[in-house]
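First comes one chain, alone, set out as structure tokens in the form predicted on its own.
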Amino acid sequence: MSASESTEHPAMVLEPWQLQPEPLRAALSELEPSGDQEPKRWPLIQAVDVAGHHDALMGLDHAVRVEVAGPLGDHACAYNRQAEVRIRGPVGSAVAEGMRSGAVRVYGGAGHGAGVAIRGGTLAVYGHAGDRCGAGLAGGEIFVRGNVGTAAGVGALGGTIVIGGNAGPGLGAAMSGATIFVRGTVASLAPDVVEAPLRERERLRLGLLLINAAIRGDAKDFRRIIPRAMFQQETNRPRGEIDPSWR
């Protein structure tokens, strides 16, 4: 092996009881910081035989990769920072609640409140999600390959939600500053949001987001849903003017 190649460290295996916040912090405190900026070189953590555990992997604040043989219960990976987590199975409600950075990828469905109050990072659900997906979103991105339930994006202040399937009624209720892209049908839009044209810069931006989430699809097949006030600002802006607050 050349000097430029990195040595692969053996994976740390967590017992089910170590998925709770205090035992988890104690276990991860034994890890040496990788010092590497590439997540694929971060230490690998594996969790098996964890079916149904609630509050699993809450409060992670380590530059680590985590592989979980799910399913998991409610509040999985809540308040995540830095960590790159892959859950092989469905999760309960409020997955990745309050996440600040990092990524959580769920290879299955998610319950109600997926990604509620996220401030940064990426949540990808490769199945369906329940009601109030992305409620209170303030930053980061949420991707759902399948359908979402009622009131997706309710109260969202910022960030982006991408829905590959259909959306239930009340999409975008009380949303301000956030953007929703949806490929399927929408049961109903909330009164304070509108469908806006998918301009070239949004098409390019969405294409990059889809690549980042490893979701196949052409950006032009999606509709852009934004707050009515944001649409009015876009409509009234002189042609060619750049809005410094545009996300």
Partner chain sequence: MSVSPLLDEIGLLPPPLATPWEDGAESAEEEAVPERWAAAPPLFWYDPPWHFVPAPTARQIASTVDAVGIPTAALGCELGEEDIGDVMLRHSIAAVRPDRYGLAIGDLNAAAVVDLRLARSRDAHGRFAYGRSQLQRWLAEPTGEDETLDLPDSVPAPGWPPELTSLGELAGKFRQYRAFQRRVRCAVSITPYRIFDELAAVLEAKPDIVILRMDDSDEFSGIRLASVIAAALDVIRTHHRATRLWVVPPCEPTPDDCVKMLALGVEAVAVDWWCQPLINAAIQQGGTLTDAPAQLREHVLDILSERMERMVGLIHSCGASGPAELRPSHLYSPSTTIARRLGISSQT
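In this text the structure is predicted, and so the values were computed from the model without any measurement. Positions refer to the first chain, counted from 1.
Below, we turn to the form predicted in complex with the partner chain, even though it does not appear here.
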Handout entry: Contact test in the model of the complex: R100 vs the partner chain, heavy atoms, 4.5 Å
Key = yes
Problem - A78 within 4.5 Å of the partner chain in the model of the complex, heavy atoms - result: yes
Exercise for the section: Although the partner chain is absent from this view, report whether Q233 comes within 4.5 Å of it in the model of the complex, heavy atoms only. Expected result: yes
Problem - Touches the partner chain in the model of the complex: G165 (any heavy atom, 4.5 Å) - result: no
Problem - Heavy atom of each of P43, V85 and T160 within 4.5 Å of the partner chain in the model of the complex - result: no
Practice task
State the residue from L209, M58, V194, L198 whose non-hydrogen atoms include one within 4.5 Å of the partner chain in the model of the complex.
Solution key: M58
Practice task
Tell me, please, which stretch of 50 to 58, 199 to 207, 214 to 222, 183 to 191 lies within 4.5 angstroms of the partner chain in the model of the complex when heavy atoms are compared?
Solution key: 50 to 58
Practice task
Scan 163 to 177 and write down, in order along the chain, each residue with a heavy atom lying within 4.5 Å of the partner chain in the model of the complex.
Solution key: A174, S176
